[in-house]
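One chain is shown next in C-alpha coordinates, namely the form predicted on its own.
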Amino acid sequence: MDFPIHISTVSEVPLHRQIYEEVRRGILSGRLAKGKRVPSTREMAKQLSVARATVTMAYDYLLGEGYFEAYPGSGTYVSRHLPDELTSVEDVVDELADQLPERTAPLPRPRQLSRYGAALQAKEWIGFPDDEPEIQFTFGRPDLDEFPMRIWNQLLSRHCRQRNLSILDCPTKSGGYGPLRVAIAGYLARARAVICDPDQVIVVSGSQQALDLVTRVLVDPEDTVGIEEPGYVGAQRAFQAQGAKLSPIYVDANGIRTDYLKSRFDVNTDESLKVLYITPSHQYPTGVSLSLPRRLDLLSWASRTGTIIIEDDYDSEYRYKGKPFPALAGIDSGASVIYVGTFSKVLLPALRLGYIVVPKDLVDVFSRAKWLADRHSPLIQQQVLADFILEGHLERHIRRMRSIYSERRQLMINVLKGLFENDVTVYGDNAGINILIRLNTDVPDSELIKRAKDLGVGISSTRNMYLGAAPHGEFLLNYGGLDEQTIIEGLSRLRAATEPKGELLPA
(Lines give C-alpha, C1' and ligand atoms only; values in the text may rest on other atoms or scores of the structure.)
Protein backbone atom coordinates (compact mmCIF):
# COMPACT_ATOMS: atom_id res chain seq x y z
CA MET A 1 0.00 0.00 0.00
CA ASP A 2 1.03 3.62 -0.53
CA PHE A 3 0.40 4.56 3.09
CA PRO A 4 1.64 2.88 6.26
CA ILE A 5 -0.67 0.89 8.50
CA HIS A 6 0.10 1.18 12.21
CA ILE A 7 -0.98 -1.63 14.52
CA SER A 8 -0.09 -2.40 18.12
CA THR A 9 0.25 -5.85 19.60
CA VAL A 10 -0.31 -4.47 23.12
CA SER A 11 -3.57 -2.69 22.33
CA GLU A 12 -6.84 -4.04 23.73
CA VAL A 13 -8.33 -3.63 20.23
CA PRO A 14 -8.00 -6.90 18.25
CA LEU A 15 -5.46 -6.82 15.41
CA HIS A 16 -8.04 -7.49 12.71
CA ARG A 17 -10.08 -4.56 13.98
CA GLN A 18 -7.03 -2.27 13.94
CA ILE A 19 -6.30 -3.22 10.32
CA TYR A 20 -9.94 -2.67 9.35
CA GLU A 21 -10.03 0.79 10.98
CA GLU A 22 -6.70 1.89 9.46
CA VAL A 23 -7.73 0.86 5.94
CA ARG A 24 -11.21 2.38 6.30
CA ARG A 25 -9.74 5.71 7.43
CA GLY A 26 -7.36 5.63 4.50
CA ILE A 27 -10.23 5.12 2.07
CA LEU A 28 -12.43 7.84 3.56
CA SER A 29 -9.54 10.34 3.68
CA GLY A 30 -8.73 9.69 0.02
CA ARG A 31 -5.25 8.30 0.67
CA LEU A 32 -6.51 5.06 -0.83
CA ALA A 33 -8.12 6.11 -4.09
CA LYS A 34 -11.30 4.58 -5.46
CA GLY A 35 -10.58 1.71 -7.83
CA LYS A 36 -7.03 1.21 -6.52
CA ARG A 37 -5.88 -2.39 -6.20
CA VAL A 38 -4.96 -3.42 -2.65
CA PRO A 39 -2.39 -6.04 -1.61
CA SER A 40 -3.50 -9.64 -1.27
CA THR A 41 -4.07 -11.03 2.19
CA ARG A 42 -0.80 -12.92 1.93
CA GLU A 43 1.15 -9.79 1.01
CA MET A 44 -0.52 -7.70 3.72
CA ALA A 45 0.12 -10.34 6.37
CA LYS A 46 3.80 -10.46 5.44
CA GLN A 47 4.04 -6.67 5.47
CA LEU A 48 2.48 -6.39 8.94
CA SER A 49 4.05 -9.58 10.37
CA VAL A 50 0.67 -10.99 11.42
CA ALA A 51 -1.19 -14.19 10.64
CA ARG A 52 -2.90 -14.29 7.27
CA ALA A 53 -6.17 -15.22 8.98
CA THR A 54 -6.06 -11.88 10.83
CA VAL A 55 -5.83 -9.94 7.58
CA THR A 56 -8.49 -12.14 5.96
CA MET A 57 -10.89 -11.27 8.77
CA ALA A 58 -10.26 -7.53 8.30
CA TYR A 59 -10.73 -7.83 4.52
CA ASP A 60 -13.99 -9.75 5.03
CA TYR A 61 -15.36 -6.82 7.05
CA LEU A 62 -14.29 -4.34 4.38
CA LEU A 63 -15.78 -6.47 1.60
CA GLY A 64 -18.99 -7.05 3.52
CA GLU A 65 -19.51 -3.36 4.21
CA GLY A 66 -18.76 -2.34 0.64
CA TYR A 67 -15.36 -0.66 1.02
CA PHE A 68 -13.62 -3.35 -1.09
CA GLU A 69 -14.63 -5.03 -4.34
CA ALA A 70 -13.21 -8.46 -5.23
CA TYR A 71 -12.78 -9.70 -8.81
CA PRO A 72 -11.78 -13.39 -9.15
CA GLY A 73 -8.52 -13.74 -11.06
CA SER A 74 -7.85 -10.02 -10.87
CA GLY A 75 -7.63 -9.10 -7.20
CA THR A 76 -9.23 -6.85 -4.59
CA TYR A 77 -9.84 -3.13 -5.17
CA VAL A 78 -11.12 -0.11 -3.28
CA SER A 79 -14.78 0.27 -4.17
CA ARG A 80 -15.73 2.86 -6.74
CA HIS A 81 -18.96 3.60 -4.85
CA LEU A 82 -18.31 3.82 -1.12
CA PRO A 83 -21.07 2.84 1.36
CA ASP A 84 -20.84 6.18 3.18
CA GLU A 85 -21.80 7.98 -0.03
CA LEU A 86 -25.02 5.95 -0.21
CA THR A 87 -26.16 7.01 3.26
CA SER A 88 -25.30 10.72 3.33
CA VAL A 89 -27.48 13.32 1.62
CA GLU A 90 -25.66 16.44 2.83
CA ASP A 91 -23.92 17.04 -0.51
CA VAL A 92 -27.19 16.57 -2.40
CA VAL A 93 -28.96 19.05 -0.14
CA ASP A 94 -26.19 21.58 -0.65
CA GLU A 95 -26.50 21.19 -4.43
CA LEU A 96 -30.26 21.75 -4.26
CA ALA A 97 -30.07 24.62 -1.79
CA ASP A 98 -31.17 27.21 -4.35
CA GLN A 99 -34.22 25.13 -5.31
CA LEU A 100 -35.44 24.34 -1.81
CA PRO A 101 -37.87 26.60 0.09
CA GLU A 102 -36.73 28.48 3.17
CA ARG A 103 -36.81 26.12 6.12
CA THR A 104 -38.18 28.84 8.37
CA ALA A 105 -41.10 29.64 6.08
CA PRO A 106 -44.48 29.54 7.89
CA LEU A 107 -46.95 26.78 7.13
CA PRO A 108 -49.38 27.80 4.37
CA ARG A 109 -52.42 26.69 6.42
CA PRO A 110 -53.27 25.18 9.82
CA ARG A 111 -52.71 21.48 10.31
CA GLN A 112 -55.84 19.43 9.78
CA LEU A 113 -55.85 17.08 12.76
CA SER A 114 -58.25 14.23 13.38
CA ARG A 115 -60.76 14.59 16.17
CA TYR A 116 -58.45 12.47 18.29
CA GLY A 117 -55.46 14.70 17.51
CA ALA A 118 -57.45 17.87 18.09
CA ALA A 119 -58.56 16.58 21.48
CA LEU A 120 -54.95 16.00 22.47
CA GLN A 121 -53.90 19.43 21.22
CA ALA A 122 -56.76 21.38 22.75
CA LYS A 123 -55.83 20.87 26.40
CA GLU A 124 -52.62 20.62 28.36
CA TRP A 125 -53.45 17.10 29.38
CA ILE A 126 -50.04 15.55 29.66
CA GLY A 127 -47.24 17.50 31.29
CA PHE A 128 -43.57 16.60 31.18
CA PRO A 129 -41.68 18.52 33.89
CA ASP A 130 -38.34 20.03 32.96
CA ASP A 131 -36.77 18.99 36.24
CA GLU A 132 -37.60 16.87 39.24
CA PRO A 133 -37.23 17.95 42.86
CA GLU A 134 -34.69 16.16 45.01
CA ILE A 135 -37.38 14.20 46.91
CA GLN A 136 -40.24 13.07 44.70
CA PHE A 137 -43.57 11.99 46.19
CA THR A 138 -45.33 12.51 42.86
CA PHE A 139 -44.56 9.36 40.87
CA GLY A 140 -45.61 5.87 41.93
CA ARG A 141 -42.24 4.25 41.37
CA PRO A 142 -41.30 0.95 42.99
CA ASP A 143 -37.99 0.69 44.81
CA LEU A 144 -35.59 -0.01 41.96
CA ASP A 145 -32.71 -0.68 44.36
CA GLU A 146 -34.54 -3.77 45.60
CA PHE A 147 -35.09 -5.25 42.15
CA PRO A 148 -33.38 -8.68 41.81
CA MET A 149 -31.15 -7.54 38.96
CA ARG A 150 -28.69 -10.43 39.35
CA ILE A 151 -31.42 -13.00 38.74
CA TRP A 152 -32.84 -10.97 35.87
CA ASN A 153 -29.41 -10.71 34.25
CA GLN A 154 -28.88 -14.46 34.60
CA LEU A 155 -32.14 -15.18 32.82
CA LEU A 156 -31.34 -12.63 30.13
CA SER A 157 -27.88 -14.11 29.59
CA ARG A 158 -29.37 -17.58 29.32
CA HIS A 159 -31.55 -16.55 26.40
CA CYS A 160 -28.74 -14.63 24.71
CA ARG A 161 -26.36 -17.60 24.99
CA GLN A 162 -28.89 -19.90 23.38
CA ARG A 163 -28.50 -17.87 20.18
CA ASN A 164 -32.12 -18.45 19.26
CA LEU A 165 -32.28 -16.05 16.33
CA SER A 166 -36.08 -16.24 16.22
CA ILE A 167 -36.08 -13.60 18.98
CA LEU A 168 -34.79 -11.16 16.37
CA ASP A 169 -37.80 -11.68 14.14
CA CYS A 170 -41.36 -10.41 14.33
CA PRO A 171 -43.60 -13.13 15.81
CA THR A 172 -46.55 -14.29 13.78
CA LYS A 173 -48.98 -13.65 16.65
CA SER A 174 -49.36 -10.22 18.22
CA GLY A 175 -50.99 -11.50 21.42
CA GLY A 176 -47.64 -12.16 23.04
CA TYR A 177 -44.99 -14.81 23.67
CA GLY A 178 -46.78 -18.10 24.29
CA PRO A 179 -44.94 -19.22 27.45
CA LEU A 180 -45.42 -15.77 28.98
CA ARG A 181 -49.16 -15.92 28.39
CA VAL A 182 -49.17 -19.35 30.06
CA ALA A 183 -47.14 -17.96 32.99
CA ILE A 184 -49.46 -14.95 33.43
CA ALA A 185 -52.57 -17.14 33.31
CA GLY A 186 -51.10 -19.41 36.00
CA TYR A 187 -50.07 -16.48 38.16
CA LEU A 188 -53.52 -14.85 37.94
CA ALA A 189 -55.20 -18.11 38.91
CA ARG A 190 -53.03 -18.34 42.05
CA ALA A 191 -52.93 -14.70 43.06
CA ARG A 192 -56.22 -13.19 41.86
CA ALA A 193 -58.58 -16.16 41.33
CA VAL A 194 -58.81 -15.22 37.64
CA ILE A 195 -59.27 -18.44 35.67
CA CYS A 196 -58.56 -17.92 31.99
CA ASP A 197 -57.05 -19.62 28.98
CA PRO A 198 -53.60 -18.34 27.96
CA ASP A 199 -55.12 -17.28 24.62
CA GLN A 200 -57.30 -14.78 26.50
CA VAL A 201 -54.15 -13.01 27.73
CA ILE A 202 -52.94 -10.23 25.42
CA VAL A 203 -49.47 -8.92 26.29
CA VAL A 204 -49.27 -5.14 25.94
CA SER A 205 -46.74 -2.38 26.52
CA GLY A 206 -48.00 -1.41 29.95
CA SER A 207 -51.45 -0.67 31.30
CA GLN A 208 -51.73 2.63 29.43
CA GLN A 209 -51.57 0.81 26.10
CA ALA A 210 -54.17 -1.59 27.44
CA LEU A 211 -56.50 1.35 28.12
CA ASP A 212 -55.78 2.80 24.70
CA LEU A 213 -56.65 -0.49 22.99
CA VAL A 214 -59.82 -0.86 25.05
CA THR A 215 -60.84 2.67 24.13
CA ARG A 216 -60.23 2.20 20.41
CA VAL A 217 -61.97 -1.18 20.24
CA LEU A 218 -65.01 -0.43 22.40
CA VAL A 219 -65.67 3.32 22.52
CA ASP A 220 -67.07 5.57 19.79
CA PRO A 221 -67.30 9.38 19.95
CA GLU A 222 -70.26 10.49 22.10
CA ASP A 223 -70.47 7.13 23.93
CA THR A 224 -70.91 7.54 27.67
CA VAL A 225 -68.19 6.03 29.82
CA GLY A 226 -68.44 5.74 33.58
CA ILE A 227 -65.32 6.51 35.59
CA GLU A 228 -64.63 6.73 39.30
CA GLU A 229 -64.78 10.15 40.93
CA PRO A 230 -61.98 10.84 41.74
CA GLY A 231 -60.17 8.59 39.28
CA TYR A 232 -57.07 7.79 37.28
CA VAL A 233 -56.08 10.65 34.96
CA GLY A 234 -54.59 8.34 32.31
CA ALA A 235 -57.93 6.63 31.84
CA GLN A 236 -59.81 9.93 31.77
CA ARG A 237 -57.56 11.26 29.04
CA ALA A 238 -57.71 8.11 26.93
CA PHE A 239 -61.51 8.13 26.90
CA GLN A 240 -61.79 11.89 26.36
CA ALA A 241 -59.34 11.84 23.47
CA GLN A 242 -61.57 9.26 21.78
CA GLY A 243 -64.50 11.66 22.10
CA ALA A 244 -66.33 9.84 24.88
CA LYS A 245 -68.56 11.60 27.37
CA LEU A 246 -67.38 10.88 30.91
CA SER A 247 -69.85 10.35 33.71
CA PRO A 248 -68.42 10.47 37.25
CA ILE A 249 -69.42 7.59 39.52
CA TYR A 250 -68.79 8.55 43.11
CA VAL A 251 -66.62 6.62 45.56
CA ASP A 252 -67.01 6.23 49.32
CA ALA A 253 -65.24 4.19 52.01
CA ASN A 254 -66.45 0.92 50.43
CA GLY A 255 -65.49 1.76 46.88
CA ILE A 256 -67.60 2.77 43.91
CA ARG A 257 -71.22 3.52 44.88
CA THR A 258 -73.30 0.91 43.12
CA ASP A 259 -76.52 2.47 44.43
CA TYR A 260 -75.73 5.69 42.57
CA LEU A 261 -74.67 3.73 39.50
CA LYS A 262 -77.94 1.78 39.36
CA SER A 263 -80.07 4.86 40.01
CA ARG A 264 -78.76 6.48 36.82
CA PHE A 265 -77.72 3.67 34.47
CA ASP A 266 -79.93 0.60 34.56
CA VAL A 267 -82.37 -1.18 32.30
CA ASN A 268 -85.27 0.91 33.60
CA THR A 269 -83.51 4.30 33.34
CA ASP A 270 -83.09 6.64 30.40
CA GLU A 271 -79.30 6.57 30.40
CA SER A 272 -76.82 3.77 29.77
CA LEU A 273 -73.08 3.25 29.97
CA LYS A 274 -71.03 1.71 27.20
CA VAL A 275 -68.04 1.06 29.46
CA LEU A 276 -67.29 1.41 33.17
CA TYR A 277 -63.68 1.87 34.24
CA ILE A 278 -62.81 1.05 37.87
CA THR A 279 -59.88 0.20 40.16
CA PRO A 280 -61.68 -2.01 42.70
CA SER A 281 -58.76 -3.65 44.52
CA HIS A 282 -57.05 -0.38 45.50
CA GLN A 283 -59.06 2.56 44.23
CA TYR A 284 -56.95 5.26 42.66
CA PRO A 285 -56.40 7.68 44.31
CA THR A 286 -58.44 7.17 47.51
CA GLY A 287 -56.91 3.76 48.29
CA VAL A 288 -60.16 2.07 49.37
CA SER A 289 -61.17 -1.45 48.29
CA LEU A 290 -64.52 -2.32 46.74
CA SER A 291 -66.43 -4.45 49.24
CA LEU A 292 -67.48 -7.98 48.28
CA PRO A 293 -71.24 -7.24 48.38
CA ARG A 294 -70.71 -4.32 46.01
CA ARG A 295 -68.58 -6.48 43.73
CA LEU A 296 -71.41 -8.96 43.39
CA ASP A 297 -73.93 -6.15 42.96
CA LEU A 298 -71.78 -4.56 40.27
CA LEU A 299 -71.42 -7.79 38.28
CA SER A 300 -75.16 -8.39 38.43
CA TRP A 301 -75.79 -4.87 37.13
CA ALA A 302 -73.26 -5.27 34.30
CA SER A 303 -74.78 -8.58 33.24
CA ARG A 304 -78.27 -7.19 32.84
CA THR A 305 -77.25 -3.87 31.23
CA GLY A 306 -74.57 -5.25 28.90
CA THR A 307 -72.00 -2.73 30.16
CA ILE A 308 -68.37 -3.80 29.87
CA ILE A 309 -66.33 -3.29 33.03
CA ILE A 310 -62.65 -2.41 32.71
CA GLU A 311 -60.95 -3.67 35.88
CA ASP A 312 -57.57 -1.99 36.35
CA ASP A 313 -55.73 -4.09 38.94
CA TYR A 314 -52.58 -1.98 38.91
CA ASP A 315 -51.09 -2.85 42.34
CA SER A 316 -53.31 -5.46 43.99
CA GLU A 317 -50.21 -7.45 45.00
CA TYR A 318 -49.46 -4.96 47.76
CA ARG A 319 -52.05 -5.51 50.46
CA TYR A 320 -50.66 -5.54 53.99
CA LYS A 321 -53.53 -6.62 56.20
CA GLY A 322 -56.35 -9.15 55.85
CA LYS A 323 -57.19 -11.42 52.96
CA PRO A 324 -57.45 -9.76 49.53
CA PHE A 325 -60.76 -9.78 47.72
CA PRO A 326 -60.78 -11.86 44.53
CA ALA A 327 -60.58 -9.85 41.35
CA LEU A 328 -63.87 -8.96 39.68
CA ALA A 329 -62.75 -11.02 36.71
CA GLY A 330 -62.29 -13.96 39.06
CA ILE A 331 -65.95 -14.02 40.13
CA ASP A 332 -67.45 -12.83 36.87
CA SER A 333 -69.68 -15.49 35.32
CA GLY A 334 -71.16 -13.23 32.64
CA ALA A 335 -68.04 -12.32 30.66
CA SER A 336 -68.60 -8.67 31.57
CA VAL A 337 -65.05 -7.84 32.72
CA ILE A 338 -61.87 -6.99 30.84
CA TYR A 339 -58.99 -7.34 33.28
CA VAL A 340 -55.95 -5.04 33.03
CA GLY A 341 -52.66 -5.77 34.81
CA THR A 342 -49.13 -4.40 34.71
CA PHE A 343 -45.62 -5.23 35.89
CA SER A 344 -44.64 -1.56 36.25
CA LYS A 345 -45.40 -1.40 39.98
CA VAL A 346 -44.20 -4.87 41.02
CA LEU A 347 -41.05 -4.94 38.86
CA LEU A 348 -39.82 -2.07 36.68
CA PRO A 349 -41.57 0.93 35.11
CA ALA A 350 -39.13 0.78 32.19
CA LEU A 351 -40.01 -2.85 31.45
CA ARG A 352 -43.20 -1.61 29.73
CA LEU A 353 -44.97 -4.94 29.89
CA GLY A 354 -48.55 -5.44 30.97
CA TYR A 355 -51.49 -7.56 29.93
CA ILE A 356 -55.21 -7.64 29.41
CA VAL A 357 -57.47 -10.64 29.90
CA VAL A 358 -60.43 -10.42 27.57
CA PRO A 359 -63.56 -12.56 27.13
CA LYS A 360 -63.09 -15.29 24.54
CA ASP A 361 -65.28 -13.59 21.95
CA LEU A 362 -63.00 -10.52 22.02
CA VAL A 363 -59.63 -12.29 21.67
CA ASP A 364 -59.38 -11.88 17.89
CA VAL A 365 -60.34 -8.22 17.78
CA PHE A 366 -57.95 -7.25 20.58
CA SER A 367 -55.12 -9.23 18.98
CA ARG A 368 -55.69 -7.31 15.75
CA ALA A 369 -55.81 -3.99 17.62
CA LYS A 370 -52.50 -4.82 19.27
CA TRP A 371 -50.98 -5.71 15.88
CA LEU A 372 -52.06 -2.37 14.44
CA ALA A 373 -50.67 -0.50 17.43
CA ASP A 374 -47.13 -1.92 17.45
CA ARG A 375 -47.13 -5.51 16.13
CA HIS A 376 -45.87 -6.97 19.42
CA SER A 377 -44.15 -6.06 22.68
CA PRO A 378 -40.35 -6.64 22.91
CA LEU A 379 -39.77 -10.38 22.62
CA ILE A 380 -36.57 -10.85 24.62
CA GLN A 381 -38.14 -9.10 27.64
CA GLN A 382 -41.18 -11.34 27.33
CA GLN A 383 -39.00 -14.45 27.32
CA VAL A 384 -37.07 -13.35 30.40
CA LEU A 385 -40.27 -12.38 32.22
CA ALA A 386 -41.82 -15.77 31.42
CA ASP A 387 -38.90 -17.54 33.11
CA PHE A 388 -38.98 -15.03 35.97
CA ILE A 389 -42.60 -15.97 36.69
CA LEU A 390 -42.42 -19.71 35.98
CA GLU A 391 -39.36 -20.19 38.21
CA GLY A 392 -41.07 -18.45 41.15
CA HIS A 393 -38.93 -15.29 41.23
CA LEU A 394 -41.89 -12.92 40.78
CA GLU A 395 -43.85 -14.16 43.77
CA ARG A 396 -40.76 -14.29 45.98
CA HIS A 397 -39.98 -10.70 45.00
CA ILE A 398 -43.56 -9.62 45.75
CA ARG A 399 -43.51 -11.27 49.18
CA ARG A 400 -40.26 -9.49 50.03
CA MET A 401 -41.43 -6.10 48.77
CA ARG A 402 -44.76 -6.43 50.54
CA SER A 403 -42.90 -6.45 53.86
CA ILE A 404 -40.72 -3.47 52.90
CA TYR A 405 -43.60 -1.35 51.62
CA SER A 406 -45.75 -2.17 54.64
CA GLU A 407 -43.07 -0.74 56.94
CA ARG A 408 -42.71 2.36 54.78
CA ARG A 409 -46.45 2.94 54.76
CA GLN A 410 -46.58 2.79 58.55
CA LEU A 411 -43.59 5.13 58.73
CA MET A 412 -45.38 7.59 56.43
CA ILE A 413 -48.45 7.59 58.67
CA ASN A 414 -46.45 7.93 61.90
CA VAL A 415 -44.33 10.81 60.58
CA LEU A 416 -47.34 12.61 59.09
CA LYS A 417 -49.24 12.32 62.37
CA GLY A 418 -46.19 13.47 64.32
CA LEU A 419 -45.54 16.50 62.13
CA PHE A 420 -49.09 17.64 61.32
CA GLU A 421 -50.95 16.20 64.34
CA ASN A 422 -54.66 16.97 63.87
CA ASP A 423 -54.06 18.90 60.65
CA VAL A 424 -53.75 15.78 58.49
CA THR A 425 -56.21 13.02 57.58
CA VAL A 426 -54.97 9.81 55.95
CA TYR A 427 -57.34 7.87 53.69
CA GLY A 428 -57.38 4.41 52.19
CA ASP A 429 -56.86 0.81 53.17
CA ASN A 430 -53.59 -0.68 54.34
CA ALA A 431 -52.33 -1.35 50.81
CA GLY A 432 -50.44 0.02 47.83
CA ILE A 433 -47.39 2.28 47.53
CA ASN A 434 -49.18 5.63 47.89
CA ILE A 435 -51.18 7.46 50.53
CA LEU A 436 -53.99 9.97 50.06
CA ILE A 437 -53.89 12.78 52.60
CA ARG A 438 -55.91 15.88 53.26
CA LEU A 439 -54.13 18.78 54.95
CA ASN A 440 -55.87 21.38 57.07
CA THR A 441 -54.01 24.44 55.83
CA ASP A 442 -54.84 27.92 54.57
CA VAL A 443 -52.16 27.69 51.89
CA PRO A 444 -53.70 27.22 48.41
CA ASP A 445 -52.78 23.94 46.74
CA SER A 446 -50.83 25.56 43.91
CA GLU A 447 -48.87 27.69 46.37
CA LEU A 448 -48.10 24.69 48.60
CA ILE A 449 -46.84 22.73 45.60
CA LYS A 450 -44.57 25.66 44.67
CA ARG A 451 -43.27 26.06 48.21
CA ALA A 452 -42.57 22.34 48.49
CA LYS A 453 -40.71 22.38 45.17
CA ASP A 454 -38.60 25.30 46.37
CA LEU A 455 -37.65 23.10 49.32
CA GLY A 456 -36.75 20.23 47.01
CA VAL A 457 -39.93 18.17 47.42
CA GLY A 458 -42.33 17.14 44.65
CA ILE A 459 -46.00 16.66 45.52
CA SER A 460 -49.15 16.56 43.40
CA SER A 461 -52.68 17.64 44.16
CA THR A 462 -55.63 15.42 43.27
CA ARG A 463 -57.31 18.33 41.46
CA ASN A 464 -56.99 16.84 37.98
CA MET A 465 -58.33 13.49 39.21
CA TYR A 466 -61.79 14.98 39.69
CA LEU A 467 -64.20 15.71 36.86
CA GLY A 468 -66.07 18.01 39.22
CA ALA A 469 -64.97 20.16 42.14
CA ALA A 470 -61.97 18.89 44.08
CA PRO A 471 -61.44 19.31 47.83
CA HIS A 472 -58.82 21.75 49.08
CA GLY A 473 -55.58 20.37 50.48
CA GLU A 474 -55.84 16.84 49.07
CA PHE A 475 -52.59 15.27 47.90
CA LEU A 476 -51.43 11.84 46.79
CA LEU A 477 -48.02 10.88 48.18
CA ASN A 478 -46.13 7.99 46.61
CA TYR A 479 -43.49 6.41 48.80
CA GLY A 480 -42.54 3.12 47.10
CA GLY A 481 -39.20 4.28 45.74
CA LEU A 482 -38.09 6.23 48.85
CA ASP A 483 -36.02 4.89 51.73
CA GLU A 484 -36.84 5.66 55.37
CA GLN A 485 -34.51 8.62 55.78
CA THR A 486 -35.73 10.23 52.55
CA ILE A 487 -39.36 9.81 53.64
CA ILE A 488 -38.66 11.53 56.96
CA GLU A 489 -36.71 14.34 55.31
CA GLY A 490 -39.32 14.84 52.58
CA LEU A 491 -42.27 15.02 54.98
CA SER A 492 -40.35 17.42 57.25
CA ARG A 493 -39.84 19.75 54.29
CA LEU A 494 -43.51 19.41 53.35
CA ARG A 495 -44.46 20.46 56.88
CA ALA A 496 -42.12 23.44 56.57
CA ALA A 497 -43.83 24.41 53.31
CA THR A 498 -47.07 24.99 55.24
CA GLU A 499 -45.31 27.43 57.58
CA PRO A 500 -45.12 31.17 56.80
CA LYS A 501 -41.29 31.21 56.77
CA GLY A 502 -40.85 27.75 55.21
CA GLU A 503 -38.42 26.78 57.98
CA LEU A 504 -37.52 23.12 58.40
CA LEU A 505 -39.01 21.48 61.46
CA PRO A 506 -37.51 18.53 63.37
CA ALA A 507 -39.03 15.15 62.48
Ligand SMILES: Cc1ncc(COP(=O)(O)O)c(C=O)c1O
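For every residue, the number given is its place in the sequence shown, counted from 1. Because the structure is predicted, anything quoted here is derived from the model rather than measured.
The following text describes the form predicted in complex with the named molecule, which does not appear among the structures shown.
- Although the partner is absent here, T342 sits close enough that one of its heavy atoms falls within 4.5 Å of the named molecule in the predicted bound form.
- Proximity of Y314 to the named molecule in the predicted bound form falls within the 4.5 Å heavy atom cutoff.
- The named molecule is not shown here, but in the predicted bound form it comes within 4.5 Å of a heavy atom of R352.
- Residue contact with the named molecule in the predicted bound form: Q236 places no heavy atom within 4.5 Å of it.
- Residues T41, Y61 and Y77 are none of them found to lie within 4.5 Å of the named molecule in the predicted bound form, as judged by heavy atom distances.
- The chain is drawn here without the named molecule; in the predicted bound form, the stretch among 250-258, 402-410, 343-351, 379-387 whose residues come within 4.5 Å of it by any heavy atom is 343-351.
- In summary, among the residues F325, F420, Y232, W301, the only one with a non-hydrogen atom within 4.5 Å of the named molecule in the predicted bound form is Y232.
- A heavy atom within 4.5 Å of the named molecule in the predicted bound form is found for one listed residue only; from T286, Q200, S336, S207, this is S207.
- Residues of 246-281 that come within 4.5 Å of the named molecule in the predicted bound form, judged by any heavy atom, are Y277, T279 in sequence order.
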